[in-house]
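Below, in structure tokens: the form predicted on its own, a single chain.
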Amino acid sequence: MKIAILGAMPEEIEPLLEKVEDIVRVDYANNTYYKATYKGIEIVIAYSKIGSAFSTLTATILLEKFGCDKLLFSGVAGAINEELEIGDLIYATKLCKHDLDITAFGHPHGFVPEGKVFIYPNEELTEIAKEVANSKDIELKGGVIATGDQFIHDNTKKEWIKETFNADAIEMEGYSVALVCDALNVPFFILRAISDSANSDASFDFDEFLEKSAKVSADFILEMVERV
């Protein structure tokens, strides 16, 4: 078995690289992939760069070129559910593409013919994540995660996404990764740390949060690797 671990930004995979062994760097398709082992388990770590196009490319390469059997994604997201606070960990119960719009042809938002509005992560990996959360005494919340190629900072737009898709959080890669895994029948899991919310204040330091959350997420994901 070989497990892919994917983030969107370098900061999201750096704590992982500090904890794994036998690292072999592979430069391919304008990106860098790190083949490694963790407690005897083969893994491949990469960051995709931000957005759906890059994350689609990177996820496909992890599965097709490197032959990974499962994919775990870790990163940050913005909250649109007012019950989510900065620092909360949320896993995707399902994912959608909020900026996919061919409603002019009578289709619902997020849908194209031969596609589907929602993609669902693997149930077995989700149960493993819950076990990890319990063992670490971490509150892990589930919710609908909406993906789009926009950094959403407008409250009106956030409310529209929330109402249209019943979404809890928004980000820029999850659905695209899910689409690749779903098409290739590869089990996947999406974990996000909430980085901003409607009630966040001006004193919030995103860079500091990203560093801290990346370490927490790295520990969480690596324990999932052990249990898988």
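One rule holds for the numbers: they count along the sequence shown, beginning at 1. The structure presented is a predicted model; accordingly, all values stated were derived computationally and were not measured. Note that the rigid core is defined as the largest set of C-alphas that superpose within 1.5 Å between two forms.
One more form of this protein should be noted, the form predicted together with S-adenosyl-L-homocysteine, which is absent from this view; the next part is about it.
Considering S-adenosyl-L-homocysteine in the predicted bound form, the lone stretch of 129-137, 70-78, 109-117, 87-95 in range is 70-78 [heavy atom distance within 4.5 Å]. At the 4.5 Å threshold, heavy atoms of Asp182 stay clear of S-adenosyl-L-homocysteine in the predicted bound form, well away from it. In the predicted bound form, S-adenosyl-L-homocysteine sits beyond 4.5 Å of every heavy atom of Glu208. For the chain shown alone, Asp196 is a contact residue for S-adenosyl-L-homocysteine in the predicted bound form, at least one non-hydrogen atom being within 4.5 angstroms.
Contact check for Met9: a non-hydrogen atom falls within 4.5 Å of S-adenosyl-L-homocysteine in the predicted bound form.
Of the listed positions (Ala59, Val44, Leu191, Ile170), a single one reaches within 4.5 angstroms of S-adenosyl-L-homocysteine by any non-hydrogen atom in the predicted bound form, namely Ile170.
Out of the listed residues Val144, Leu100, Leu125, Ile152, Ile152 is the one that sits within 4.5 Å of S-adenosyl-L-homocysteine in the predicted bound form by at least one heavy atom. The two forms, fitted on the rigid core, differ between the shown form and the other one by less than 2 Å at the CA of Leu16.
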